[in-house]
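We've got the same protein chain twice here, in two forms, each standing alone as structure tokens: structure 1 and structure 2.
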Structure 1
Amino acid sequence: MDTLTALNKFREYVAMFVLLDETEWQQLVPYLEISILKKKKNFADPGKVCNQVGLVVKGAVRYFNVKDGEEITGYFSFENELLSSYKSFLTRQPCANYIQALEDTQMVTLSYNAMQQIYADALIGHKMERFGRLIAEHYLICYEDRVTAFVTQTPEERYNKLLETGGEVLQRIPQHYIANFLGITPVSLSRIRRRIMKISA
């Protein structure tokens, strides 16, 4: 994907939250960078501060922790979704997890310093601060829903819900990652699938 198309994807993404006129957009563009993360390469590593937030314009990444030598996948980002180790990026503390490309992934990125400069800008600062607020609110709600699901639903109910909403997760992601995402083991997910098959058959 060429640079212009990628930047336009970013512009469209921003437009879902705040409307920028041409002048404002031109103010923003110099801060943006395009980069490609090859499959299996890391966007974030434990122990290092995550200095970038990105918009995935093509590809997909997964977030995972390593516990007792095993990878536990907690989340994914696909096209038109943001990508960052938010806690590390926002607090400037060392990251606790990996973020790794599942496919060759093209991103439009913004560094932490660029972000702060944008927020401080007299012209677009207020509007971009609003953008930042709305983004954070959006993800806050996503996480709140997910916590609620963990507290109120069984793994089987969570999986059924996932089947209903039927995100890309189901098409593009190996099942053992989805199992982790649901908070269970791959073996357990396989059994749940079997249970559901029997019922609907």
Structure 2
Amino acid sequence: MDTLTALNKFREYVAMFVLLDETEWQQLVPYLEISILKKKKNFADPGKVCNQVGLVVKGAVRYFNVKDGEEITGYFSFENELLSSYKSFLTRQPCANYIQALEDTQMVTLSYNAMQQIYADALIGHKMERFGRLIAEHYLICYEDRVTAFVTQTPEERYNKLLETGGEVLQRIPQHYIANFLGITPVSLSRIRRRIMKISA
């Protein structure tokens, strides 16, 4: 994806929270970075402070912890979704989890230092402060939805929800990661997928 397209995707995402006119957008652009996170490379590591928040414009990442040598998948970010260890980004404390690219992933990111400069900017500071607050609220809502889903939904319902958000990208993710995220075995996931395919056939 070319630079202009990537930037436009970021602009569209920001517009869901705050509207920037052309002058304000041009003020923001120099703070943005566009990069590729290669497959299996980490965006965040436990014990290190996460210095960036960004938008996945192409690809997907997986959030996971390692306990007793086992990887435990906690979350995914797909295209047009945020990625960050946002608690670490805000508090400047080390991350608790890994964020790793599931495939070559293009991102538009803002560093912590850039964000502080933006907040102090006379032209766009007030709007971007609002953007930062709304991102924090967004993360909180996502976390609460995830906890609620585990309490109230079956693994099949959670998988269907993941299909809605993940789309085609989900087909490219190793099934054992998805099963781990859903809290079930790969065999159980295979059964769920067969049932869904029968229903949709």
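All of these numbers come straight from a predicted model, not from anything done at the bench. Structure 1 provides the reference sequence; residues are numbered from 1 along it. Rigid core here is just the name for the largest C-alpha set that superposes within 1.5 Å across the two forms.
Looking at both forms of the chain, which one is the form predicted together with a further copy of the same chain? Looking at both, the form predicted together with a further copy of the same chain is number 1.
When the two forms are laid on each other by their rigid core, does Tyr159 show a Cα shift of 2 Å or more between structure 1 and structure 2? True for Tyr159: a C-alpha shift of 2 Å or more.
Leu189 C-alpha moves between structure 1 and structure 2 by 2 Å or more, core aligned: After core superposition, the C-alpha of Leu189 moves 2 Å or more between structure 1 and structure 2.
After the core is overlaid between structure 1 and structure 2, has the C-alpha of Leu32 moved by 2 angstroms or more? Shift at Leu32: below 2 Å after core fit.
Cα of Tyr177: shift between structure 1 and structure 2 in Å, core-fitted? With the cores aligned, its C-alpha sits 2.6 Å away.
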